[in-house]
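Encoded as structure tokens, the following chain is the form predicted alone, with no partner shown.
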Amino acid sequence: MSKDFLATVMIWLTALLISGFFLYLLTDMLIHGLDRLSWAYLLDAPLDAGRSGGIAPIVTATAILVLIAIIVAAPLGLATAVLLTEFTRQKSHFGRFVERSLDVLASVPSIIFGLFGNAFFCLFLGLGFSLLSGGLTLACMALPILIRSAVEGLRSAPDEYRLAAAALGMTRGAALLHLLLPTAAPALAAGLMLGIGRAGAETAALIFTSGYVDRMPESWFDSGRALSVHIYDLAMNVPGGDASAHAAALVLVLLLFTINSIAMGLTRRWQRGRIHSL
């Protein structure tokens, strides 16, 4: 029995185990929460501490938090990845220090990010308990994963692309835009999905930054309750809130699935457009 066959079997078993665990969780959420799902549930405000009513303010706050995180993390993460791969030698002291720092940040517990966000964004910058503070904290959490994925994606692009672009007289910016980024697009999308997936389902960091209230936010400077915080509150602090917690968890999964699908679709479309324009 060859090593390649054993590796293939292990990979398939791992993939099936993870898929089976996800299907188990999804089935449990559907069984206990599907009855609560309706348009009224999505469009109404919560009542009786969340036992009844809907989750419209919760979904709105979650969407704003994720939007802020994407707006901040995506360009900053991509710029940092380009700096590390195209303008910094891989074995330089600066490059190794930044990459080691990213690895450490990726393993930092979320509550540490929450305490940092509370001290820096809420108190030092004076943003208070707001969606902006929570979104910026989520962006900090997503950046390490996004940058590392983008770095590996850009480094996977063959050096022949860079040499051919230089031979044709293309600027480094043009080569990056038309050759390297389309090649690294799947890794960029994967990093963005992983980062936003971690941030969108975060609880501890948001309790310290975005707040706990369940009213409809009127601006980014208002406090708001994310879906993950709402699920935690229903499951732990509200007797009789299990059905609503399962329904809210199902909505969160669907929201993350929608965001990931949109990100993958836009990435494929952008990648095809860049390739066809060559």
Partner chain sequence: MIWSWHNILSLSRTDSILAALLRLCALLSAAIVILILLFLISESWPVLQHVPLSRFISDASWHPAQGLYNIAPMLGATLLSSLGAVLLATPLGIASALFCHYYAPTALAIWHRRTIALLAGIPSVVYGFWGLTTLAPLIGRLHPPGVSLLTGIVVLTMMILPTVALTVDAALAGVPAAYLRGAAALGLTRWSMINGVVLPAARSGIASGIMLAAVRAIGETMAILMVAGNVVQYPDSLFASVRTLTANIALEMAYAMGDHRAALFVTGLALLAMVLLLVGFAEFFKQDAAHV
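Take the two forms, find the largest set of C-alpha atoms that superpose within 1.5 Å, and that set is the rigid core. Note that the coordinates shown come from a computational prediction; the quantities given were computed from them, not determined experimentally. Positions refer to the first chain, counted from 1.
One more form of this protein exists, namely the form predicted in complex with its partner chain; it is left out here, but the text below deals with it.
Q: Please determine, with the chain shown alone, which of 35-43, 238-246, 52-60, 215-223 has non-hydrogen atoms within 4.5 Å of its partner chain in the predicted complex.
A: Of the stretches listed, the one contacting the partner is 238-246.
Q) Is there a non-hydrogen atom of Ile196 within 4.5 angstroms of a non-hydrogen atom of its partner chain in the predicted complex? A) Residue-level check for Ile196: no, no contact with its partner chain.
Q. Does at least one non-hydrogen atom of Ala150 fall within 4.5 angstroms of its partner chain in the predicted complex?
A. Judged by the heavy-atom cut-off of 4.5 Å, Ala150 is well away from its partner chain in the predicted complex.
(Q) Does any part of Ser19 reach within 4.5 Å of its partner chain in the predicted complex? Heavy atoms only, please. (A) Heavy-atom contact with its partner chain at 4.5 Å: present for Ser19.
Q. Though only this chain appears here, would Asp28 touch its partner chain in the predicted complex if you measure heavy atom gaps against 4.5 Å?
A. Within the cut-off, so yes.
Q. Heavy atom within 4.5 Å of its partner chain in the predicted complex: which of Leu102, Leu127, Leu154, Ala189?
A. Here the answer is residue option Leu102.
Q. For 191-220: residues with a non-hydrogen atom within 4.5 angstroms of its partner chain in the predicted complex?
A. In sequence order, Ala201, Thr203, Ala204, Ile207, Phe208 come within 4.5 Å of the partner.
**Q.** Flag for Ala63, CA shift 2 Å or larger between this form and the one not shown after aligning core
**A.** No, the C-alpha moves less than 2 Å.
Q) Core aligned, does the CA of Met216 move at least 2 Å between this form and the one not shown? A) After core superposition, the displacement of the Met216 C-alpha between this form and the one not shown stays below 2 Å, so no.
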